[in-house]
Structures are given as C-alpha cells and as structure tokens.
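Take a look at this single chain, the form predicted on its own, given in structure tokens.
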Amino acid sequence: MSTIGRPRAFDEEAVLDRATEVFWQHGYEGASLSALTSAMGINRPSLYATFGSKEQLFQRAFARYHETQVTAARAALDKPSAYAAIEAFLRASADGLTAADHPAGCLSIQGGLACSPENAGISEILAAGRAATEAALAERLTRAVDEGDLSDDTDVRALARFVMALSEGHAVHAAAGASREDLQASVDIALRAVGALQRR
C-alpha cells in the first residue's frame, strides 16, 4: 500500500525538543544515534526521512533553541538603560542556566565547544550564534553611549564581550553544579563594574 501523503505518526516539534535535550546533555559528538532515537521515540529511518542527518537534526535543534534565546535577549536589551539591560540579560541567563525543566548549562556551550576536525562546522554554528548575541549587546551599548547613558570613552565591544564571557562562564559552572544563587552573586559583582561606566 502506498504511504504517499500519509501524515507522520509523531509530533515533529516534540521529538525535536527531545533531541535538543540529548545534544544539550551529551554534546554533538557524545550524542549517539541510539540515544537520539530512543529519546525521540522514533527509528533511524524516520529520523533520516524527517531531518536528513544527525548534523541537520542538530542544526534544527540549535536554531529552535537559539530563537528562544534571542527572544529573551531582545526583551532584556529593550530595557531603558544599559545597566538595566545588562542586569536583565545576566539575571535571565543565570535563571535559564539553572532552570529545572532542561539540562543545566547552555546548549551553545555544551553542544560542541570542542569538536573533532570533521565536525568543525558544528562549533562554527554555535560560535556564530554566540557572536550574534554579542553583536546585539554591542549595538545596544553603542546606543547607550549615543544617548549619554554610558561614558563617551566606553569600549562597547569590550563591554559586550565581558557580559558574554560572564554568561558563557556561568554556563560551564552551571553544568558543573553551581547553583542559581552562586551565579547571581557573580552578577552582583559584575554590575558594580557596569555601574562605574555610567555617566554621572
């Protein structure tokens, strides 16, 4: 009997979310096809038919994850001052990294910070996602300088990199078991440095 036109017997978005968790916990290279298909509740032919390959599955999973992260970052960057934007960004990040409804840490870090040469494309995809967030931060901080919120001599690229480095470092610590309170305490210290850059 022909199967053309027959609807898939699974929710594609739901199985993609399950695959995301496997990649998040084990990284791209550590996520075996057996672990992926088991978590997704589908067989290998269905995985290949729907997503094409393991790499394409990861790309779909990361795109979905990154879209959620970008939405949260944009909400933070809409705050009325640079200080408020950075605080909202870092506090939301700390909360997200330690949330109970997904693995601790960040898919962007755990997914493939270190990959073998044949999988270098995965690391590049993740790095591009982080760079896009850093660029959005730098753009918001540039506006803060133009509006007189930050001092004219503020190095906005370095400040954006500082914020991202703290957030990414928090991801590593969260994955190793650091608590939300631990991360928020680091945010408190970082905000003192940010406050010093505000125009008086």
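Note that this is a predicted model, so its numbers are computed, not measured. We number the residues from 1 along the sequence you see.
Keep in mind the form predicted in complex with a further copy of the same chain is missing from the figure; the text below concerns it.
Exactly one of the stretches 152-160, 39-47, 66-74, 53-61 approaches a further copy of the same chain in the predicted complex with heavy atoms within 4.5 Å, and it is 152-160. The candidate spot formed by Ala84, Ala99 and Ala144 lies out of contact with a further copy of the same chain in the predicted complex, as no residue has a heavy atom within 4.5 Å of it. Taking a 4.5 Å heavy atom cutoff to a further copy of the same chain in the predicted complex, the contact residue among Ala104, Ala92, Ile125, Cys115 is Cys115. Remark: Arg140 does not count among the residues lining a further copy of the same chain in the predicted complex, judged by a heavy atom distance of 4.5 Å or less. Mapping the unseen interface onto this chain, Gly148 falls outside it, with no heavy atom inside 4.5 Å of a further copy of the same chain in the predicted complex. Residue contact with a further copy of the same chain in the predicted complex: Ala165 places a heavy atom within 4.5 Å of it. In the predicted complex, Arg130 approaches a further copy of the same chain with a heavy atom inside 4.5 Å.
In the predicted complex, the residues of 23-59 lying within 4.5 Å of a further copy of the same chain by at least one heavy atom are, in order, Gln25, His26, Gly27, Glu29, Gly30.
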